[in-house]
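Okay, so here's just one chain, in C-alpha cells, the form predicted on its own.
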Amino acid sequence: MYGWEFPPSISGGLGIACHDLTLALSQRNIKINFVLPNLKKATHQKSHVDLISSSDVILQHRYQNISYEDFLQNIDLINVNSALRPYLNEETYIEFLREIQKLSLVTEESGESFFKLNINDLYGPDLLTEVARYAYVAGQIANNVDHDIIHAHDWLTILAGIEAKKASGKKLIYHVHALEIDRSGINVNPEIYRIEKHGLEQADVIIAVSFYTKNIIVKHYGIHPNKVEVVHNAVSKTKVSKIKNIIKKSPQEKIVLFLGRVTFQKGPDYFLEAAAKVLKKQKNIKFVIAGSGDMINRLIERAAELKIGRHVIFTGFLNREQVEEVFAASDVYVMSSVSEPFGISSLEAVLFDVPVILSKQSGVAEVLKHSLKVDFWDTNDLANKIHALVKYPALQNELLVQASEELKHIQWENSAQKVEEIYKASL
C-alpha cells in the first residue's frame, strides 16, 4: 500500500483514513506493507503496523546503489526518503525545498521506467520531480517486498503504484480520495490531471470514496463506470476521547465551527458570508475558522470589511487534541465545501454531539442522511440553517439522535470488508 501520510505524522483526513482502514483490514488478517515518503525517521511504536526507519532507502545520484537490506524481512511500514508532503502545490513545494535541501534533476536512463509517459519535460526541482522520485523507489521496493496486490492512495502515489505493478506484475488498485477537479475547480493543473488520468487508466480497479467522486471520475476522466467501486469512508468507534466529557458547551454563547484547510475547495469564504448574515439576526455567536491555508489573510480582511471581526476566531492549524477540544465546545459544525469527495470530519462532529450542515457537493451527504444540506454557494440558505440550529435546541437534538444511530452502520469494519472483497476479486 502506497500513501503519503500516516499517524503519528499526519496532515489531514487522508492520514486518519489510511490508519483506520488499515487497522480494520489488519483485524481481518490482511498483512499490509505501508510505504510512505518521509524525510524523518519513523517513530518506533507498536501498532497494527510496524514503523520502519527510512534511513536505508537512499537514492544516490541518478538513482543508483539503493540499499534494501532492511526491507527484505518482516516489513510493515516503509518510509521512503522523499520530500513529498500532502497538499503541496508548486509554490509551497519550492518554498519547502529551500528549507530542506537541493534535489538533483531527474534524468531518464531506464527504458522500463514510468518516465516513458511523454511528460519528461515536466521534471525539475519541483513537486513533480518528487512524484517521479517516489515512483522510482516504489518499483524497487516492489521487487524486494513480497505482496499479492498493490493499493495506491491518490495522485502523489499512483505513479509509484504503476511502477510497482511493472516490477511485480500484481494487480493495481487506485484509491481516489480527492481529485484535481475537487481541489482547483476549473483552474486545474494540467500535469496533475494528466497523472490522475493515466493512473485511472492503468489501474486494474478504482476505489472511489463516494458516488459523488465516482461520477467525477466517469464524467471528467472518461473512465468506464464498471471499473469504479465505491467504498465510503467511515469513523472509528474509539475516536471520542475524554475531552468530550470535560469540556462543556456554553449556554450563553454559541459556537459555529468550520474545520479544515482554508482553501478554495473547502469554501471558507461562503461560511464567512453566511456568518455575517446570521449575526444580523443573533449576536451571541462566535464563528470559528479552524485550520490553515492560502485564504486566511483574505478572510481576515473580509471579516473586517463585514464588521464582524470580534465574532470570528481564526485558530490556525490545530493538532489532534486541539481539534477534539474545538469539536467538544461547538454547537454547530458547517462543511461548506465547493467539492468534497467525502468529509470524515462531519462524522467526527456527530461523535462529539455536534449537529452538522453539509454541502450538497459532498460524498458524506450520501451516508449521513440526518444532517441539514445546502448548495455551497447559497449563503442565504446556509445562514438560515445555522440560525435554525442555534435557535431551536429541539432540532439539534433530533438531528443528533438520528445521526448517531446512522453512525452505527458507518464503520471502518464495513469498509474493510468491501475492500477485502475487491482484493479477492482482483487476485
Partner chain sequence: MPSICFYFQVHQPKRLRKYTIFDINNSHFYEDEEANAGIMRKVASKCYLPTNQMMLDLIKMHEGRFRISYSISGVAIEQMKKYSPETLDSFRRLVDTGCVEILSETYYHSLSFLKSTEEFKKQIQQHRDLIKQEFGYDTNVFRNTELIYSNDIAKIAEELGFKAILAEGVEKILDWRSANFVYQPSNCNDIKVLLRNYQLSDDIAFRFSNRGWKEFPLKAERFTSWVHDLDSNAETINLFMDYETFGEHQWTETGIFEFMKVLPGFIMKHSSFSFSTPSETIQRYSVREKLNVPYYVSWADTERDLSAWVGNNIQDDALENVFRLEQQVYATANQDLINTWRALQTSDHFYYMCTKWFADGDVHKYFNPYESPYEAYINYQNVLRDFENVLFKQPVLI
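Residue numbers count along the first chain shown, from 1. From a predicted model like this one, the values you see are computed outputs, not experimental measurements.
There is another form of this protein, the form predicted in complex with the partner chain, and it is not shown here; the text below is about that form.
> Would you please decide whether L372 lies within 4.5 angstroms of the partner chain in the predicted complex, comparing each non-hydrogen atom pair?
Within the cut-off, so yes.
> Check whether K281 has any heavy atom within 4.5 Å of a heavy atom of the partner chain in the predicted complex, and answer yes or no.
Yes, contact at 4.5 Å.
> Does K277 reach the partner chain in the predicted complex, with heavy atoms at most 4.5 Å apart?
Within the cut-off, so yes.
> Just checking whether I32 would be counted as a contact of the partner chain in the predicted complex - the rule being heavy atoms within 4.5 angstroms.
No, no contact at 4.5 Å.
> Whether S292, K307 and T315 jointly form a contact site for the partner chain in the predicted complex is the question; each needs a heavy atom within 4.5 Å.
No, the whole trio is out of contact, none within 4.5 Å by any heavy atom.
> Which residues in 344-366 have a heavy atom within 4.5 Å of the partner chain in the predicted complex?
Going through 344-366 in order - heavy atoms within 4.5 Å of the partner chain in the predicted complex - there is one hit, K360.
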